[in-house]
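Quick heads-up: it's one chain on its own, the form predicted on its own, in structure tokens.
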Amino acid sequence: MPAFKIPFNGYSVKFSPFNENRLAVATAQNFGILGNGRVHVLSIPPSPGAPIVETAAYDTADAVYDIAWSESHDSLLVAAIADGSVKVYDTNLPPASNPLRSLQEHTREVHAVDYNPSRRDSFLTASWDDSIKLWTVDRPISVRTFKEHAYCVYAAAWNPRHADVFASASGDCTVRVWDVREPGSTMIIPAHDFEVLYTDWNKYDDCILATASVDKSIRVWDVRSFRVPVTVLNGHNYAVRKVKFSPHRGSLMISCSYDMTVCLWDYMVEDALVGRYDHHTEFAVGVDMSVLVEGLLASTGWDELVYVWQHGTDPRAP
């Protein structure tokens, strides 16, 4: 289907867990350095040749770095904003009634947000103030702050099986594993020699997680024995911005990079790189896989375009 042109630089894309035709996009003006942001809600057409249509848009005074759909309400979105705020939107309400809530606690840019898939009432935010915060939708203040990282926290990801466990990725080159019932982190993985930009859990094995780094590699870890990675995936030519496990196949992952490509990997086979897409003409920084439609992929980047395509097809095909 045709790419969707956005006015700003793309930062993040997320498929709705409730509606297979709905996609949210986080964007920022001037590459997120200075200027406004916008959250787009897009409708993916049922027929491949039809255009993607915008159904809602929310303007912000600062860059929007990430978005997450609520796992309990199909119309709720949470956005991570560069001014340190976290904004909650309800797509069922008119624009004048949004944002529903603006949560202001982080002292620097909020870089990522992740909604709890099993408890469904709480979400995490990761910030350049070196902390992670736990929130529930019904409370105006955070439940808890996790502050152990020595540098910016770029991502936090809930474990898909254990409702109290999450991992965080930081510029201090580590990934930490946390249990919200414990006073501090339960594990510190020295994941890379350079900044760790993202982490995600395997959806079928709750002990496996992946990390993406400035060192151009993706590493897969088993938290039961993390002295050495399960595997190291090389194939990107610049920093790997995001890596996500497939919701449908345990060994499949998708990644995006500053080398402008989106790659698909099967970390269980010797030739792990199973697909490479080079449709972006600037840094590819946002990628997602649909939970509801197997093989449906989305990406965005600094070329101000959003692509949605089925694995194995050309993202640029009209």
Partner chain sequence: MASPSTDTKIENPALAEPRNEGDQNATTKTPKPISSPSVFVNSEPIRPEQVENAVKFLSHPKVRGSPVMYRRSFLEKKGLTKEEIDEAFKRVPDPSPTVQGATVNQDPQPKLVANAQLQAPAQAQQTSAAPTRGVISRVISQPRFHWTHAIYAVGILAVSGAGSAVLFKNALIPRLKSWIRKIASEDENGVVRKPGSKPSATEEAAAAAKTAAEAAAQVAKASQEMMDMNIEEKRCFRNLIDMLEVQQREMREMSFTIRKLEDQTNSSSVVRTYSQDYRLSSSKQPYTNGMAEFNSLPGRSSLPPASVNSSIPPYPKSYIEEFNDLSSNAYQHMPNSGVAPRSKPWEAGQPPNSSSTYQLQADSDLGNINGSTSRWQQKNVRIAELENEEESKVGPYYSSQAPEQTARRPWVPPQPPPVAMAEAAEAIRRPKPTVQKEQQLTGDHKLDQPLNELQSVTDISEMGGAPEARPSEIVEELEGNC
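Quantities reported herein were computed from a predicted structural model and do not represent experimental measurements. Residue numbers count along the first chain shown, from 1.
Below, we refer to the form predicted together with the partner chain, which is not included among the displayed structures.
107 is the sole member of 234, 136, 107, 92 with a non-hydrogen atom within 4.5 Å of the partner chain in the model of the complex. Residue 177 is the only one of 76, 100, 230, 177 with a heavy atom lying within 4.5 Å of the partner chain in the model of the complex.
With a 4.5 Å cutoff on heavy atoms, residue 34 counts as touching the partner chain in the model of the complex. Mapping the unseen interface onto this chain, residue 20 falls outside it, with no heavy atom inside 4.5 Å of the partner chain in the model of the complex. For the chain shown alone, residue 207 is a contact residue for the partner chain in the model of the complex, at least one non-hydrogen atom being within 4.5 angstroms. Among residues of the shown chain, residue 159 is one whose heavy atoms approach the partner chain to within 4.5 Å in the model of the complex.
The candidate stretches are 127-135, 92-100, 68-76, 243-251, and the one lying within 4.5 Å of the partner chain in the model of the complex by heavy atoms is 127-135.
Against the partner chain in the model of the complex, the set 149, 194 and 226 is in full contact: each member has a heavy atom within 4.5 Å.
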